[in-house]
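Form predicted on its own, single chain, as structure tokens, below.
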């Protein structure tokens, strides 16, 4: 299995918590970027290692800020020039609720998109305000309705919790509101303070106060329990789905499968190579214009490095890792390889070992970053 990712770095506005390569740009820059992206698609499709894919994911940024005709041209060229192992591959597009129309979604559906991820983030006006989102609750409800009316078989909602001023009751209402819509998939992310963002600067100045750790843990517990009671199976730390409707593209990431990334800042993993494209939009456009590609970093991962990375990625999945399968594939036995480190994590109840499967416990998921950093 291999995935294809396309990065669209444009947004209507830049959210204060976001450190992705994205932001508002003039239409002329967007047009130049799409032209460069189409050329990169052409160039890359001619290379042997990019021959066949199972999934396509168009993310950002907010891809749907582009004119739908441009998105359709990207889809058509991608489908035409790359090979696909499935007649109907999983094709996802991210969308901000304020950037979609019924007509636009209908055209994307007709062009082959069969999964949409709506960046709802909050279903309360106050939550949207503190997040600096440019859409309203009404926009989210309309976007969801449009997606269903035009026939998207898979609809996912993204939500963020642990917002400034948010309590457990407020998060409960957000979750219940999302569940009541009946999405196939829900992603729930704790708000984190990232990089050199306006949110981080506001926190450092004391202008923004996040909920305390105990409150956030209550929200996390509520998330898992409430979604489970409503038929959503947790299959990754932050992701829940009606069984059978998980995101195949992202599962491939966590299984450390091969993927090709196109667009500025996009990362590719074509074993044993990991490559990253130029982050700067203008540098990306210039490089693709001159050479057809925009790779600025490349590293070769040896077998041991790939094994360690596979362990830490797979442990994000609720099912964890099959020790016999890992030992056979990598020729490293995780129990022997990690030795005392693993014994300590098991003794602390952060990892569990059952039926030859190693996985994060509920408590371990709360401290996932700490646990996984011990295994990198």
Partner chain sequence: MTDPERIRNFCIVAHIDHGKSTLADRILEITGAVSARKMKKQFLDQMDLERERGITIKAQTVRLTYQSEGDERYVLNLIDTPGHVDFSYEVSRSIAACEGALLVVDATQGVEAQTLANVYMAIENDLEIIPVLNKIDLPGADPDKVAQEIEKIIGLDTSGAILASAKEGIGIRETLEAIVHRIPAPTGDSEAPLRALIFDSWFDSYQGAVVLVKIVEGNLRPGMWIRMMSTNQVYQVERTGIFSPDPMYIEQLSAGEVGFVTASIKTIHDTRIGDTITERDHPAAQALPGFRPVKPVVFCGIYPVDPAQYDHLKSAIERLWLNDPAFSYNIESSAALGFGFRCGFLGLLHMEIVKERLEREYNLSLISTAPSVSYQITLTTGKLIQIHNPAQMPTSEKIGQIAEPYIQVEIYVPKRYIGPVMKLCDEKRGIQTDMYYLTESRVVLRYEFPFNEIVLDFYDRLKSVTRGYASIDYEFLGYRSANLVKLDILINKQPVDALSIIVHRDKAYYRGRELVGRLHKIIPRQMFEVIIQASIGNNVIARERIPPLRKDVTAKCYGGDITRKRKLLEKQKEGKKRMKQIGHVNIPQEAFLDILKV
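What you see is a predicted model, and the numbers here were worked out from it, not measured in a lab. Positions refer to the first chain, counted from 1.
The discussion below concerns the form predicted in complex with the partner chain, not included here.
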Handout entry: Contact at 167, 224 and 322 by the partner chain in the predicted complex, all three, heavy atom at most 4.5 Å
Key = no
Completion exercise
In this chain shown alone, the residue from 239, 96, 78, 92 with a heavy atom within 4.5 Å of the partner chain in the predicted complex is 239
Fill in the blank from the handout: As a check of understanding, the residue in 101, 291, 136, 192 with any heavy atom within 4.5 Å of the partner chain in the predicted complex should be identified as 192
Exercise for the section: Could you tell me which of 171-179, 137-145, 254-262, 123-131 sits within 4.5 Å of the partner chain in the predicted complex, going by non-hydrogen atoms? Expected result: 254-262
Exercise for the section: Look up in the predicted complex whether residue 309 has a non-hydrogen atom within 4.5 angstroms of the partner chain, and give yes or no. Expected result: yes
Handout entry: residue 267 within 4.5 Å of the partner chain in the predicted complex, heavy atoms
Key = yes
Practice task
May I ask you to state whether residue 366 is within 4.5 Å of the partner chain in the predicted complex, using heavy atom distances?
Solution key: yes
Handout entry: the partner chain contact in the predicted complex: residue 106, any heavy atom under 4.5 Å
Key = no
Problem - Interface residues of 296-333 toward the partner chain, as seen in the predicted complex [heavy atoms, 4.5 Å] - result: 299, 301, 308, 309, 312, 313, 316
